[in-house]
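Only one chain is shown below, in structure tokens, and it's the form predicted on its own.
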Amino acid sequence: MTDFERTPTPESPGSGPDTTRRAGLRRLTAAWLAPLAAGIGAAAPAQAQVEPAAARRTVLRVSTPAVPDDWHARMWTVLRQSLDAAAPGAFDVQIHLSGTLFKQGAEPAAMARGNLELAALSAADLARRVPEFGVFTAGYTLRDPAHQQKVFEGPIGESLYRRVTAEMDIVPLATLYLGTRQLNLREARNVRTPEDLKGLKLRMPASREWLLLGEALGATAMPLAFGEVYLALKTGTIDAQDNPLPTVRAAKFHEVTRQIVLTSHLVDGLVIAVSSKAWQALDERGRAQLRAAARAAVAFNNENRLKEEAELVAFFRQQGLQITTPDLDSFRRAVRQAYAASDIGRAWPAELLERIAATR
């Protein structure tokens, strides 16, 4: 759902795939102009040679709310590099970070309209049309990142991916680990049970699934776009936000908060997906290259995110934040009771939750 919350950013100039593409374009340009220099052919045939080559270049626009320093922003550069290596000059991957192309949550509609080719979509985004995906917005459904990957790489993920394609004109390619979500408070307080969060204004993404999770944790959930969270914390419009620890640092939320409560309430993920229109335009080889590139991006994200998560508690303590662990059993009980009593939770197939729990 992401949100989702070091080294050069994906848009860093001077090296990498952009340099490779520019060098390739210079070689292509020289090849196109050579017949003119030799006096062979007229202007019209030369132009005719340029246009088909340009038409074969597949444009893949990427939209993400992720800030440049976050791993799930930087992974798009890995995807672009993978495609450039597999098919030089065949793809033009255009990366738009920080919600500059489409706001968070608007990506599925843009993909269905053909205005966007690639995005990393949250479970809440997908649950709007495929309600079963909502189980991954529920607290304490997945045990850990390894469990998440086994679920999505197995028959459960395959079945859900097919439903998404049929219902949303979107083709899921892979699921990445966004991180384990924790609570991040503007002012420190003693938090042992969900009762201790009563009245706390907790920012959540603007969907009913996210808002239910915030309420299940005991807080007062407030919908707010990711790009507005930093200022809202600074001014006191909200009291807290929840995100994985790498996102807290990447978005600099630690600058305007004083406490992290390690509720570990959601093992969060995003689904890298391509619009059906773009997918259908690719041949089998192009599809295999894109799927492989998505998996390379996921592997990069997951490896670095797990490593960073292991280091961040010490970092935040050094920044002066209080790090506390509540009574996790009380949170699990409260969350499960809240979902059992909700229309959202009752709509999920009981056997799906059982199959997820049984996945080892």
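As the structure is a prediction and not an experimental result, all values here were calculated from the model. In case it trips you up, residue 1 is the first one in the sequence shown, and so on.
Omitted here: the form predicted together with a small molecule. The next part is about that form.
S.K.: With heavy atoms only and a cut-off of 4.5 Å, decide whether Tyr177 touches the small molecule in the predicted complex.
M.R.: No, Tyr177 sits far enough from the small molecule in the predicted complex that none of its heavy atoms falls within 4.5 Å.
S.K.: Do Gly214 and the small molecule come within 4.5 Å of each other in the predicted complex, heavy atoms counted?
M.R.: No - in the predicted complex, heavy atoms of Gly214 and the small molecule never come within 4.5 Å of each other.
S.K.: Are any of the heavy atoms in Ser122 no more than 4.5 Å from a heavy atom of the small molecule in the predicted complex?
M.R.: Within the cut-off, so yes.
S.K.: Heavy atoms within 4.5 Å of the small molecule in the predicted complex: does Trp210 have any?
M.R.: Residue-level check for Trp210: yes, a contact with the small molecule.
S.K.: Would you mind picking out the stretch of 308-316, 324-332, 60-68, 291-299 that comes within 4.5 angstroms of the small molecule in the predicted complex, counting non-hydrogen atoms?
M.R.: After filtering at 4.5 Å, what remains is 60-68.
S.K.: Among Thr137, Asn243, Ser275, Gln148, which has at least one heavy atom within 4.5 Å of the small molecule in the predicted complex?
M.R.: Contact residue from the list: Asn243.
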